[in-house]
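Consider the single chain below, provided in structure tokens and representing the form predicted on its own.
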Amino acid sequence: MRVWYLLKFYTILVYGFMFAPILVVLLLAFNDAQFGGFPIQGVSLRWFYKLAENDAILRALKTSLVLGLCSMVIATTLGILAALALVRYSFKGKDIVTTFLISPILVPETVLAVGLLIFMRWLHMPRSFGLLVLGHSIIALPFVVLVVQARLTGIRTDYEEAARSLGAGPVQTFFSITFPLMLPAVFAGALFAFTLSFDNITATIFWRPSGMETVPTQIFGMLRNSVSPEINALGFVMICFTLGVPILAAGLARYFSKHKI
């Protein structure tokens, strides 16, 4: 019994160590003082108002949202097609294709970022927003493939065969039978793709063109100059956004799973 108590205590310490900095950021975002510290001198929303008036942060937020949505659409679309091919069809080199698709998870992100940058330089293509979308889609694709593939494995082929026997074509069968059944996994994979793109900083530093900032790179640049209270407010917004999107996606996934065919 003592071992279990020690294990629980150690688990609490680990989670406390992980989430304590986040809690500090949430509290200091409402601190009225110019410099963050405890005890908090007063509660104020002044740094949120300053954040809303900061054009650089607003541009970075817009860039991150557009980049995340573009990467999410590309990675989700390719991930669905790849998962269908790997689960529903047999072909030569299937294991090689699977390893190739999940390889971005196995390769360190810095190595992947440098490798893609060198390859684009070899093609005489400069750093651009398109390179960011391509790179983020490559990073997010394995997560979409794994999530959707796990869902497809649990879907019986009897429903698809019944639709085909009634005269439905492959495309109609997919959109009428397969896609509604795998929709919760599609939402989960899309969420992974968007979150990975929105929070990415390591690869973004290598791929972004000069003058373009995302929210993580903007925060990194602000931290190099000084620790502004606006960073705490921006961190609060990002935490709420990062938590809100999964909650919304989980609610939608539960709704679609209850109303599936």
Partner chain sequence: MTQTDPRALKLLSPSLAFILAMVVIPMAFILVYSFYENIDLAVDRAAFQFGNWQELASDGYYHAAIWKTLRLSLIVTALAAVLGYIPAYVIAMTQTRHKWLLLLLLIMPFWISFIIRTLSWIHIFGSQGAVNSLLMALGLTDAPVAMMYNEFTVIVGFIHVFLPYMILNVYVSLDGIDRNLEPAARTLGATPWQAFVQVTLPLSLPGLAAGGLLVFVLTGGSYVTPLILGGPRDFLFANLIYDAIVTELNWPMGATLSFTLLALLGSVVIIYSRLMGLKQLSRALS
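Just so it is clear, the model here is predicted, and its values are computed rather than measured. Numbering follows the first chain given and starts at 1. Whichever C-alpha set is largest while still superposing within 1.5 Å between the two forms counts as the rigid core.
One more form of this protein, predicted in complex with the partner chain, exists but is not displayed; see below.
In terms of contact with the partner chain in the model of the complex, the residue from V186, L181, L84, A163 that brings a heavy atom within 4.5 Å is L84. The shortest heavy atom separation between V24 and the partner chain in the model of the complex is within 4.5 Å. The partner chain in the model of the complex is approached by V147, whose closest heavy atom lies within 4.5 angstroms of it. In the model of the complex, the partner chain lies farther than 4.5 Å from every heavy atom of L69. A residue is said to contact a partner when one of its heavy atoms sits within 4.5 Å of a partner heavy atom; Y159 fails this definition for the partner chain in the model of the complex, lying far away. Residues of 114-129 placing a heavy atom within 4.5 Å of the partner chain in the model of the complex, in sequence order: V114, G115, L116, L117, I118, F119, R121, W122, R127. Put the two forms on the same core and the Cα of V73 is off by less than 2 Å between this form and the one not shown.
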